[in-house]
Ligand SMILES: Nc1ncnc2c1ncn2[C@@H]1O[C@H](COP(=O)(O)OP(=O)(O)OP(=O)(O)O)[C@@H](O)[C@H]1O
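Here's a solo chain for you in structure tokens, the form predicted on its own.
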Amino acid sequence: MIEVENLVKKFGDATAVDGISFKVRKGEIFGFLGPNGAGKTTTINILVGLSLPSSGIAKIAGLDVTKHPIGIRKRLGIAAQAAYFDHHLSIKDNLFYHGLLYGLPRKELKKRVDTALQWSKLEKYRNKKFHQLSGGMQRRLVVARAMLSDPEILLLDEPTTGLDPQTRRQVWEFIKNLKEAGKTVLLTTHYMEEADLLCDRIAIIDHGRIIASGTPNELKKMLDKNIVIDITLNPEVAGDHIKRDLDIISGVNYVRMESNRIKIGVVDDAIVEQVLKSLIIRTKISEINIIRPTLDDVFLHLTGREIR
């Protein structure tokens, strides 16, 4: 649904996007993950026709973004990072006039506005002004506006920036519903947890270049890092025989035991299950913690620093 090949965008001597290539498949949530200033929004601006590329190719549903800007906009719903609404109008009227700009017939548009408000769970706030809504409601409204034309593809640029953790999770559920509705989503974010939870595949971008891409699990496996099982046993059952039993399991890389606490490094989830089954049969466990590699670890590994 989205194809980008060797895309470059320069502003004078500065290169904001430096030869990136990626594809977004139909019906998936594709994450564009990177720090502020990495080139994410510049790429979005090229895709929606707000900026021309210096070189390279970008296509939406097979259409070149520089040759078919009007045809492309009919296929896209855009939820920009900055939410621009008329503060004198109700949210219902804001949606209505936005739909008119898309050329939607008035009779059909009234139904679409009602559907958008119901879908975003904002119907009882229909007569409120935008500034009277909470942060989470505002972000839901931005996405609902993008859905008015029933687009095939949605571009969500930093959809949860500035939200508190609870509200952010509410918006995440809202975004998951987009995929269930059959939409293709390109999501830009600098939140590792957000990308990990929502995205089918991720491209990590830094300084205008894509430095890695794949599913969240594929990216984490780049680290060749253990999943760590941290287990606390009941004191009366701890013993050296437990360590010996674990050492012989294929896929267990190490077993470290101190008193009644064991740390076990394993290669994948199948071994986690095998280890836990072995321990549950043989001994009594009071606490289990499973520590997995994170996308933060991946970014640190690839760039030598945490995301800024």
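Counting begins at 1, following the sequence as shown. What you are looking at is a predicted structure, and each value in this text was computed from that prediction instead of being measured.
Beyond the structure shown, there is the form predicted together with this ligand, which is absent from this document and is the topic of what follows.
query: Any chance residue 37 has a heavy atom within 4.5 Å of this ligand in the predicted complex?
result: Yes, contact at 4.5 Å.
- prompt: So in the predicted complex, does any heavy atom of residue 260 sit within 4.5 Å of this ligand?
  reply: Looking in the predicted complex, residue contacts with this ligand do not include residue 260, since no heavy atom lies within 4.5 Å.
Proximity of residue 75 to this ligand in the predicted complex, heavy atoms at 4.5 Å: Taking the distances in the predicted complex, the answer for residue 75 is no, it never comes within 4.5 Å of this ligand.
message: Can you tell me whether residue 81 touches this ligand? I mean in the predicted complex, with a 4.5 angstroms heavy atom cut-off.
response: Residue 81: contacts this ligand in the predicted complex.
- prompt: Looking at 21 to 29, 280 to 288, 8 to 16, 295 to 303, which lies within 4.5 angstroms of this ligand in the predicted complex, counting heavy atoms?
  reply: Looking at the other structure, the answer is 8 to 16.
- prompt: What is the one choice in 220, 190, 168, 92 with a heavy atom within 4.5 Å of this ligand in the predicted complex?
  reply: None of the other options qualify; the answer is 190.
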